[in-house]
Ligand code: HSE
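For reference, the chain that follows is the form predicted alone, supplied as structure tokens.
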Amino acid sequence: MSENKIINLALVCCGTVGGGVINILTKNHALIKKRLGLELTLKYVVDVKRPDELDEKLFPGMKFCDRIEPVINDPQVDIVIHLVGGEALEREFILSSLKKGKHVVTANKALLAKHGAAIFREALAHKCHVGFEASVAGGIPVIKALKEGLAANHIKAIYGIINGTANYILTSMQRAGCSFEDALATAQAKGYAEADPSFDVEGIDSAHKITILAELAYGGLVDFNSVYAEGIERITLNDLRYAEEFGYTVKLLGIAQMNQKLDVRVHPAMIPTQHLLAKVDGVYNAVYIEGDMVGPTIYYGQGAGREPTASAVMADVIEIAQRLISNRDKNAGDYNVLNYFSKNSLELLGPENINTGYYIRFMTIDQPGVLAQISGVLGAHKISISAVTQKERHAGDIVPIILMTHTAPEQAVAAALTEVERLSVVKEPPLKIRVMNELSGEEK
């Protein structure tokens, strides 16, 4: 730690979240100093463009540069805040910082999901701390909850609405009665969705985040490439309305639970409307965690955005600063590394081994005998139907047939749907949405 009771920070990349970090350091400077008992000072800002938020008078001696090497080579820098997107360059930056003995804070979920092992092993080797609260749910302190608040629990399950863009789209469709395409366009116009929204709507972003949560909860490394991810692109307004009639709300859900093997996946799910997760709307996120001792807990808030994410970044900075002040873990490295990321890889349950109920939509020619053909195929695969609806009747037209099933093996459902799709009366691939009846924690 730097002398004279000052902890020197370097901020690498001053985009949206970086601007939020500067804003917090500026507006809440006195509060942070009071709580820490010393100064946090911004010694470097690394970017190609000087940020508008930067008031250099508040940080005497601060240096602005467009290269990271001065930061890495300055022995007075204690903590480096890495907010660069992407993987290859940011991985190089973080590893270089750790090799120089600098503590690191990052919000890069894709990097941690894919390369966390290398980063945390490097941190352990150089007795450094790595903070990553902002990588999963923006301003929601779910990482700290798993590491500390629930540390005495075996984690039974995690269910997370952890992508605000997808949640906003589904909420907009439901409320405004619009199509997926129109809801996406609105999200892009409001800045909630990127010009290329594929990571959000295809479930990839959520998969990054649930991978990190699963590693923390179950004490091992998860192969991100083995995590099943399915998005919301095929869901229609009618699907949302049918779900509501059956007593469910559709959400893009990240799931991690131990069932002999670790089950980690992302897909649209039908949640009972009385469950707390079903009430999480718009760009908000929520993570439901059930421990064997504490029971169900839920963490709710803004999962993205400038200030909420910057708040999580600064929480890590302050925690590391507190450790430096008290010299905790001085010779042990980051205890998070020792207890979570230095273990063996966890074997994942394949998605074909899931057992759940299903909502299935078939688009078929409206003619006699169609339902009998479909139900016959499902019956041959021992899939039991619990409910059927077919509201739009126009002889000869293409109409939806909606089935709800009892609990069935995913493998059997997939085989049955492949067979049904070959029927001449079925005019597009069936859509299935898994039904989460096993969720506890319903609002009473």
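The term rigid core refers to the maximal set of C-alpha atoms that superpose within 1.5 Å between the two forms. In this text, residue numbers run from 1 along the sequence as written. All values derive from a computational prediction rather than experimental measurement.
Just so it is clear, the following notes concern the form predicted together with this ligand, a form of the same protein that is not shown.
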Could you tell me which one of His82, Lys209, Arg265, His129 places a heavy atom within 4.5 Å of this ligand in the predicted bound form?
-> Lys209
Picking from Tyr218, Phe120, Tyr248, Tyr192, the single residue whose non-hydrogen atoms come within 4.5 angstroms of this ligand in the predicted bound form is Tyr192
Examine His275 and determine whether its closest non-hydrogen atom to this ligand in the predicted bound form is within 4.5 angstroms.
-> no
Do Ile162 and this ligand share at least one heavy atom pair within 4.5 Å in the predicted bound form?
-> yes
Consider Gly303 of the chain shown here, and say whether it contacts this ligand in the predicted bound form, taking contact as heavy atoms within 4.5 Å.
-> yes
Wondering, does Lys102 line up within 4.5 Å of this ligand in the predicted bound form on heavy atoms?
-> no
Heavy atoms within 4.5 Å of this ligand in the predicted bound form: which of the stretches 193 to 201, 120 to 128, 315 to 323, 365 to 373 has them?
-> 193 to 201
What residues in 97 to 135 sit within 4.5 Å of this ligand in the predicted bound form, counting heavy atoms only?
-> Lys109
Do you see a C-alpha shift of 2 Å or more at Ala321 between the shown form and the other one, with the core held fixed?
-> no
Fitting the rigid core first, would the Cα of Leu184 be found 2 Å or more away between the shown form and the other one?
-> yes
